[in-house]
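Next up: a single chain in structure tokens, the form predicted on its own.
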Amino acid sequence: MRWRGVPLDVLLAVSGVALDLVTTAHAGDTRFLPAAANIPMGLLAGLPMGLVRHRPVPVTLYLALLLVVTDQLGSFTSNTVQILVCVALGVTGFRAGRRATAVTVAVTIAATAVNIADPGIAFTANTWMYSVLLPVFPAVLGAYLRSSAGRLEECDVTPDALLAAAGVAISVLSTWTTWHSGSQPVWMVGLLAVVGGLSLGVARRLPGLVFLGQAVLLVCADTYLNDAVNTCVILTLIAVGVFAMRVESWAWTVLAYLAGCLLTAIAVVGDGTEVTPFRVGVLMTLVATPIAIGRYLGMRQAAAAAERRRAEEAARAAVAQVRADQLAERERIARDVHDIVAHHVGAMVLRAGAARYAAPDGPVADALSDIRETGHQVLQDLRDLLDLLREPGREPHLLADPGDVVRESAERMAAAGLVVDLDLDPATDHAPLTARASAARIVQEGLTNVLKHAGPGTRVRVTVAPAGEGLSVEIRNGRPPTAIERLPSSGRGLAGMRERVRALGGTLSAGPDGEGGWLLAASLPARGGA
């Protein structure tokens, strides 16, 4: 549970309890419960709403069961539970799957039927219709919100839920005492009150349709249920405000304003009402207020959306600029490597090849051949490096088997004067390719470092063995036989090995072995396929 959602859960729980306390404020003793039990009953009904966003299905089933229990006890809390279970069904339709939603709707229909049924009164078709439509509508509304939330740039449905809850609270609390006063069936009046309030939950997504529906309800209430006219006016003004917020066109806004003035006039102007300029001004101001609030909120949302788009475009431009700078820097490095390093290495290879013909036999000829072959290998490696610098996304191809690279490196260093003892376990061929390739590069760099810092004649033991699903590499050299003049170092050899090992999630250590020599050990876990 995220902390930022806790205040909303607390608000839902408090609202549920407050709704029951308001509806049962004047309720007295019942057959089974005293009036003092209204507060604990309100807690039982309202507190579970704090969990409805996270556990909508259990909360809905609980409220359906509580509805039956409160109905059998004759508690007035059943009216509150009937409303809350509809809200919970809306959340279930939004968050739960179809099967869970269908189960909760079926259970709630049965509980609603029990709540409506009275001893000695026949269960009519109208009663069944009320029992079915009341639970089905919020569930369908929740499912609709889930499927259409993407149409809004803002996918958070919390404002929709608050609008629906406020609409239900206004419509039910302000009219439920008059449901019996009209000529229409109670179930129809109650259903229209709940549906009219819940419809505000989709006002942000279907502003025109909801505005039209509220207008129809207002006209019907003005004709058939005068006690509910004021409530319908409030709901219509809310719908007008949401319409003004969602519609950018000023022409549509003006039409909505004129329609709102006309509907309000129909509701408040009777046969004996005296129409004065002051009253007209008050009515026009009354309708203009939600229009102004809606337009202000709409402009703020539009400005925030534009600012968000500008920030996203700026971020994308910054990333593209960094990428371009990186590619330019890579291109510059590649050009320098090609023009300077490759040029000198190529000249070295050519001169070694030419000198090889001047000394066809003997140790000097072998050394020149080794220099030429090594130079060719360096040029090939440089070519791959340049390709990788110019095309960072390209996967470098492997020129040789990693095992062969290890053996060739050992032979080359042995030819250079090191006394190399290579222990390459055949089982390493089954290790992942990335681990074997990294092990080969570590052996290359490790033996080169031994030659640079310990010199020819140094004994060195190289061990490459399986370790779990990865590999372990150990390069241990003895004490240098004589003092040597060390070769220049790039300063990046050990750091490069650490970066390579870290990229695979492994470890690398290097330091004196306590016997006058040096120990380099690396652990390469499995990563990637063989």
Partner chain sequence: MIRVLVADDQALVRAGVRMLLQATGDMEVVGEAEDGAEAVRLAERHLPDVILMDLRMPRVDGLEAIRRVLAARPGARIVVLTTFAEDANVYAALRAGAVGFLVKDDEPERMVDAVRRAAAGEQLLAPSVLRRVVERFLAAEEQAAAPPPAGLTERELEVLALVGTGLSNAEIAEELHVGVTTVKTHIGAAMDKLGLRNRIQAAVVAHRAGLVDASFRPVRRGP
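Positions refer to the first chain, counted from 1. Model, not experiment: these values are computed from the prediction.
What follows is about the form predicted together with its partner chain, which we do not show.
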Original post:
Pick from 316-324, 239-247, 196-204, 374-382: which stretch has non-hydrogen atoms within 4.5 Å of its partner chain in the predicted bound form?
Top reply: 374-382
Original post:
Going by a heavy atom distance of 4.5 Å, is residue 353 a contact of its partner chain in the predicted bound form?
Top reply: yes
**OP:** Please run the contact check for residue 188 against its partner chain in the predicted bound form: heavy atoms, 4.5 angstroms, yes or no?
**Re:** no
Original post:
Does any heavy atom of residue 330 come within 4.5 Å of a heavy atom of its partner chain in the predicted bound form?
Top reply: no
Original post:
Within a 4.5 Å heavy atom cut-off, is residue 338 in contact with its partner chain in the predicted bound form?
Top reply: yes
**OP:** Could you check which residue among 99, 310, 180, 344 gets a heavy atom within 4.5 Å of its partner chain in the predicted bound form?
**Re:** 344
Subject >> Residue among 107, 349, 418, 141 with a heavy atom within 4.5 Å of its partner chain in the predicted bound form >> reply: 349
